[in-house]
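Just one chain is shown here, as structure tokens, and it is the form predicted on its own.
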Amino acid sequence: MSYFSNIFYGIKTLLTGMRVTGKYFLNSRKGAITQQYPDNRGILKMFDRFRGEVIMPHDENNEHACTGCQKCEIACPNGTIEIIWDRGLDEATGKKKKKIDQFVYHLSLCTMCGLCIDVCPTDAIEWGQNFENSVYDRTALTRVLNKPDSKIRPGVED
């Protein structure tokens, strides 16, 4: 008897799923769910939690919050982030201080896990909204996140 009840239950769940599909099919004239991507590129906005790529925001004075502590580089499970740093003379104190030369981000290696962003003590890096990363050469996915001649924002401590 369970054989026929299993068949009946299977048909019932199939019809339930078809009812949901049919409702969306009949109501699609009211508002389309699918977006026409290349045509709506100007108005397209990704949702806030989208993980596109890691970026380093700079302010209008070309200053960032990265201290070069390398916590993001250590936290990254597959070596996506590489911080090249040097010690330079701090004008205010006269002591040598660590400063970043290049903050290299290899998007082709990134798993979008977010460990680097979570561990950053100064919130110097965050998720960007860019999702158009199709390239023919993988080296185009390696990016230097700090802008040329950028400095650390005053007031940001190690």
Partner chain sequence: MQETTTINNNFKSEEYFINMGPQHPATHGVLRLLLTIDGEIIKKVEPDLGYIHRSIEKMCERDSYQQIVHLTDRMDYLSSHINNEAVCLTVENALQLEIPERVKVVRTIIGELTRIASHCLWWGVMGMDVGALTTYFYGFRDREMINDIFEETCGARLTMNYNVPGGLMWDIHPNFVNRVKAFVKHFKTKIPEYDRLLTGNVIFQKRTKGVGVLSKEDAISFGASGPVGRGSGYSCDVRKYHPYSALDKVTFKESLQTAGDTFARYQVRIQEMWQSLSIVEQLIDNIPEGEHRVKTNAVIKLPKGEFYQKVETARGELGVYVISTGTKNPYRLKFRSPGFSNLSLLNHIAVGGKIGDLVATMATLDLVIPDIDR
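Residue numbers count along the first chain shown, from 1. Remember, it's a predicted structure, so these values are computed and weren't measured experimentally. Here, rigid core means the biggest group of C-alpha atoms that superpose within 1.5 Å across both forms.
Although it is not shown, the form predicted together with its partner chain is what the next lines describe.
Participant: Would you kindly say which of 115, 55, 44, 104 lies with a heavy atom within 4.5 Å of its partner chain in the model of the complex?
Facilitator: Selected option: 115.
Participant: Using the partner position in the model of the complex, report whether residue 51 sits within 4.5 Å of its partner chain, counting heavy atoms only.
Facilitator: Residue-level check for residue 51: yes, a contact with its partner chain.
Participant: Given that its partner chain is not shown alongside this chain, does residue 83 nevertheless sit within 4.5 Å of it in the model of the complex, heavy atom to heavy atom?
Facilitator: Result no; residue 83 lies far from its partner chain in the model of the complex.
Participant: Would residue 135 count as touching its partner chain in the model of the complex under a 4.5 Å heavy atom rule?
Facilitator: Although its partner chain is absent here, residue 135 would stay clear of it in the model of the complex, with no heavy atoms inside 4.5 Å.
Participant: In the model of the complex, does residue 16 come within 4.5 Å of its partner chain, counting heavy atoms only?
Facilitator: Answer yes; at least one heavy atom of residue 16 falls within 4.5 Å of its partner chain in the model of the complex.
Participant: From first to last in sequence, which residues of 62-88 have any non-hydrogen atom within 4.5 angstroms of its partner chain in the model of the complex?
Facilitator: In sequence order, 74, 75, 76, 77, 78 come within 4.5 Å of the partner.
Participant: By the 2 angstroms cut-off, has the C-alpha of residue 22 moved between the shown form and the other one once the rigid core is superposed?
Facilitator: Where the cores coincide, residue 22 still shows a C-alpha shift between the shown form and the other one that is 2 Å or more.
Participant: With both forms fit on the core, is the shift of the CA atom of residue 148 between the shown form and the other one 2 Å or larger?
Facilitator: After core superposition, the C-alpha of residue 148 moves less than 2 Å between the shown form and the other one.
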